[in-house]
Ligand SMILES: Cc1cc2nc3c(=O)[nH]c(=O)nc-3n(C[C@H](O)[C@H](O)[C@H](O)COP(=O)(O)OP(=O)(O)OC[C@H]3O[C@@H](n4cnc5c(N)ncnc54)[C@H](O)[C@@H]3O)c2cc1C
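What follows is a single chain, given as structure tokens, in the form predicted alone.
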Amino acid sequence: MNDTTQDEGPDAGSQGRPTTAVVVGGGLAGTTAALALADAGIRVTLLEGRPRLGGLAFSFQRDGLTVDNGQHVYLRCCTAYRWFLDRVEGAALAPLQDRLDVPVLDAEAPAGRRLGRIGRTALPVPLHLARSLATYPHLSLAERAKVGRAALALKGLDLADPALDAQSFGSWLAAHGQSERTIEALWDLVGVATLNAVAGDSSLGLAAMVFKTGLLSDPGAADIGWARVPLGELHDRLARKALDSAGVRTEVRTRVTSISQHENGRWSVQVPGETLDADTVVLAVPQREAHDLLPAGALDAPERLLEIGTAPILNIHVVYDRKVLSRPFFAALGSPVQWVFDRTEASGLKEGQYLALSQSAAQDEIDTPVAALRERYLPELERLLPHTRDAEVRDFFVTRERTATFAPTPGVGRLRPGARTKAPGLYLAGAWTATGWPATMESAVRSGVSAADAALTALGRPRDHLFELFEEAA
């Protein structure tokens, strides 16, 4: 690796050298920040400690299959992530539904009542959900009516009110007449997947943001998109191609050991065997790693970063010798199974079917042995999918992300820092920063944009492309 200050080019500044930036972390936040800075003419070096880009949304090889570490989806309202897909030329590989449609199977319902659907029509908000709610078989008529009233109350909340951060979503739902069954069959069905926590453990502010933006802002806001290819194709291969085209120098297997500022205001980033100098540094790593790398005085209360909790996600992978599921995905009730996706084609499997179970808020099972998980989940799949009873299980394995997301607990909002630090030229990015969103791919990309925006503002560089970013994706 060469020191970034030794290259000169057409972007040379007043001292005859280019304006340079180092981005630490090659997840979605860091990749976005690097692209946004490079698009403004900054000479960027991106450093990633892992052997690949993509952070916790990645793929790996197993017995000839390409496996995602976990299932990730996004919504039509995720304009920043949609921009990212466009920017890396991957939008066609992760298309959106034409219209929201979520099959919901209840394992405990009578045979003819097991399947319900959450969907929308083209009617304006909130009427776009009225037909789906009116025919949703997993709630009683009285429960459905109370859902409508709670949704209207939720729509009236002011997301800028800091009091929402201190209250739990569960207590708010209970105060608005939502039964335990309603919370399980509707609010948690969506909330656990997007927040990685049940309603009782979630900040009202974050939950309100999810439901207001996704279900109560625009008729199509909650239409679901997901990758039809391995995540590594989008977040690593195509991302690296886009970075190369933008002139970003990308170094993987390169872990930063320290960051310090010179008396002249420039920054030094230390990696094993070398020091890189830069005008700007974006720290796009998890909050605990950021805490360890931040120089003294960069934040007023850096210990708050350590108070941001984490939440796990467990992913269970099952390969059958035949097709057992005709839908691309479904959600489950009355079972420990939460969401099931068909990953057969994306994985490259030629015969049989490969299902991926995404289990959020998995604190109770994240360390459970594989054998015990197999004993629990294979019978559950047989309850939900009758065709599995005659199928042979060819493979069963588990991927675990013990710190998959930050925990969206009440009060977490006051702990999340913004992009700017008190050290000029040093910025923070990551889904855990103050984006207003929970720990999603959308939050990660937005944080990268915010960090780039702050850096370009300080450097006096053009930022128009950042504002166009969201307009193009909308």
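Because the structure is a prediction, the values reported are computed rather than measured. Residue numbers here begin at 1 and follow the sequence given.
Missing here is the form predicted in complex with this ligand; even so, the following discussion is about that form.
Asker: Only one of V44, L428, A444, A36 has a non-hydrogen atom within 4.5 angstroms of this ligand in the predicted complex; which is it?
Answerer: It is A444.
Asker: Counting non-hydrogen atoms within 4.5 angstroms of this ligand in the predicted complex, say which of E233, E143, E401, D223 makes the cut.
Answerer: Among E233, E143, E401, D223, a heavy atom within 4.5 Å of this ligand in the predicted complex occurs only for E401.
Asker: Choose one stretch from 59-67, 36-44, 433-441, 419-427: the one whose residues place a heavy atom within 4.5 angstroms of this ligand in the predicted complex.
Answerer: Only one stretch passes the 4.5 Å heavy-atom test: 433-441.
Asker: Within 4.5 Å, heavy atoms only: does R255 come near this ligand in the predicted complex?
Answerer: Within the cut-off, so yes.
Asker: Look up in the predicted complex whether G49 has a non-hydrogen atom within 4.5 angstroms of this ligand, and give yes or no.
Answerer: Flag for G49 set to yes.
Asker: Does this ligand get within 4.5 angstroms of any non-hydrogen atom of S347 in the predicted complex?
Answerer: Contact with this ligand, no.
Asker: Answer with yes or no whether I313 is in contact with this ligand in the predicted complex, where contact means some heavy atom within 4.5 Å.
Answerer: Flag for I313 set to yes.
Asker: Even though the chain is shown alone, can you say which residues of 266-296 have a heavy atom within 4.5 Å of this ligand in the predicted complex?
Answerer: Result: A284, V285, P286, E289, L293.
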